[in-house]
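Presented below, as structure tokens, is a lone chain in the form predicted alone.
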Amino acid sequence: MTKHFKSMLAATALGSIIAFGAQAEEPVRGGTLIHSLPQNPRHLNPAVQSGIATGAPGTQLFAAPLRYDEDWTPQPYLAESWDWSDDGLSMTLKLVKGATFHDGKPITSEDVAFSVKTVQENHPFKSMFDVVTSVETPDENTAVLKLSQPHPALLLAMSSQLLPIIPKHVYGDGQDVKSHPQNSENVVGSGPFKLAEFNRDQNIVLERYDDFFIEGRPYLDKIVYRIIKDASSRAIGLENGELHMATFEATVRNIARMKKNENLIVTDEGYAAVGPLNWLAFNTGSEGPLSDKRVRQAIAYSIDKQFILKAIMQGLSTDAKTGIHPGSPLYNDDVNSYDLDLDKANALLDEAGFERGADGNRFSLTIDYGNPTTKAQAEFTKASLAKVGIDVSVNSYVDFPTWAQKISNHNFDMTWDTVFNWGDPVIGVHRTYSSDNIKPGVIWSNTQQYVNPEIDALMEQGAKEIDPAKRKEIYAKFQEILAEDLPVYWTNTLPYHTIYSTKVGNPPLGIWASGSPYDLVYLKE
């Protein structure tokens, strides 16, 4: 174990030299970056809220202990160093000296301890820090995280928007941190930019924090996030120069169109840790047909995944056979992909006892979709299942909060969804399949109400196994069982792209996309 951790630190040191030692051109200081957001955030505190809408501005307002380069190598950020104990049961962070919050008060180890506790108690990704038993603070610049077991995902969990360091002197005032007024107004952050304006439905304006703990950064004077929900409007804004950048763009026709614009750079780089997937989720806890895995398998065999990949996605996304993103080293490609087979689908439905009636139908289901970009998949599913005698009604998309409330309270049959891995199964995958995570009202938890003790046991093993080869074996078995049980039918990676003007330098092309700090981003003119 000791050798493993020391080699990790050596790789980190080398990565620091690569990431920060040289740049292709001298960054320009100043200017205002105009950036679109496809959703309006509920508030700006990522410690208690997941998602890209909060994460993009939240990562600029709050610094994390670590940051990551494009090669998945952890880098110093608010923590200038970190050190594992020999037994892997504690990690010591050494904070940058002299770092301050936006109100001028020092950032100390007490704030790190408070932030970890806040995330533990309030963030939907409970597994990130559930093995942290305490955070000791021997001095102002040293925080020691004590663990109940080894935690292979801990470094990743301390980066980006996953562990924002928030001020104890603000959020420790006894008010509920989830509804704290300073989540949206008078935000006191620790990151490279401070809040100037927050109009939830229109824009977010951030200004450079001149006393940021990395000298000379950030380069930009301001970032203006414009809330633009309509994909066509975002495309027009990019093409006419009103916008400098858009991230998490997934409308394939617009992506294809903007690739032809010589003033724009269009890339799918930057989403490796985000791990975005599309899937059709089933309410396995219902008393209807979907409680039978043979029915779920039949539905999968009825849907032509190649049509989704080639026609709906226009070749801009890739096949995804499991709940772990294909870009992950833990992905298991050797599982059933449920290629189109109507004969097998019909046979499974007959075997499950759902024979066709006089009208040719076996039973009826409803389907929802959690993002307007998956409307085409929902309509395609309706047409596909009609061929095997399943009558499907598509519920019109109203808005995200309405969909989220419905799905999280298990009031659905099937839903097309967009879900992220968040870098490591412990962080973003376990939540979907853990029987302990069936929590009414919490979206992107185990809303499928899926229960399998063997899966629970494998996740428990994977959460503490630090040997990469053994961990890969655990998750290979995990994916094999899920591919058989099929609580969701995985189809494809999302075609997320970052689109930015040629005027933008150092765009966020690491592993966290716009959840990366923008202290290095600049405008060339």
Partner chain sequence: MAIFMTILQRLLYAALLLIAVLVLNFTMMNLAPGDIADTIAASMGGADAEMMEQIRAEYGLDQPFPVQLLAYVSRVLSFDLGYSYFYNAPVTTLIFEKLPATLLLVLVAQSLALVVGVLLGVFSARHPNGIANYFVTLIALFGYAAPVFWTGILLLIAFSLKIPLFPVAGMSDITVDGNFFVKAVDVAHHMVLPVITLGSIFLALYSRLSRASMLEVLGSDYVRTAKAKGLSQREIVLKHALKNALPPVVTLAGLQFSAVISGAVLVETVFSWPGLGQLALTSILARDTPTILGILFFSALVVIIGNLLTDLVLRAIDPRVRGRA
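Residue numbers count along the first chain shown, from 1. Given the structure is predicted, the values throughout are model-derived calculations rather than measurements.
There is another form of the same protein, the form predicted in complex with the partner chain; it is not shown, and what comes next is about it.
> Among the candidate residues Gly104, Pro329, Gly441, Gly360, which is the single one with a non-hydrogen atom no more than 4.5 Å from the partner chain in the model of the complex?
By the 4.5 Å heavy-atom cutoff, the listed residue in contact is Gly441.
> Find the only residue in Ile34, Ala463, Ala483, Ala476 having a heavy atom within 4.5 Å of the partner chain in the model of the complex.
If I apply the 4.5 Å criterion carefully, the residue I get is Ile34.
> Each of Thr251, Ile407 and Glu454 near the partner chain in the model of the complex, meaning some heavy atom within 4.5 Å?
Not a single listed residue reaches the partner chain in the model of the complex, so no.
> Counting any heavy atom within 4.5 Å as contact, can you tell me which stretch out of 230-238, 335-343, 84-92, 296-304 lines the partner chain in the model of the complex?
Heavy atoms within 4.5 Å of the partner chain in the model of the complex occur in 230-238.
> With the partner left out here, check for me: in the model of the complex, does some heavy atom of Ala99 sit within 4.5 Å of the partner chain?
Heavy-atom contact with the partner chain at 4.5 Å: absent for Ala99.
> With the partner left out of view, is Thr402 within 4.5 angstroms of the partner chain in the model of the complex by any non-hydrogen atom?
The answer is yes: Thr402 has a heavy atom within 4.5 Å of the partner chain.
> Ser179: heavy atom within 4.5 Å of the partner chain in the model of the complex?
Contact with the partner chain, yes.
> Does His43 reach the partner chain in the model of the complex, with heavy atoms at most 4.5 Å apart?
Although the partner chain is absent here, His43 would touch it in the model of the complex, with heavy atoms inside 4.5 Å.
> Could you run down 201-219 and flag each residue that has a heavy atom within 4.5 Å of the partner chain in the model of the complex?
Stretch hits, in order: Asp201, Gln202, Asn203, Val205.
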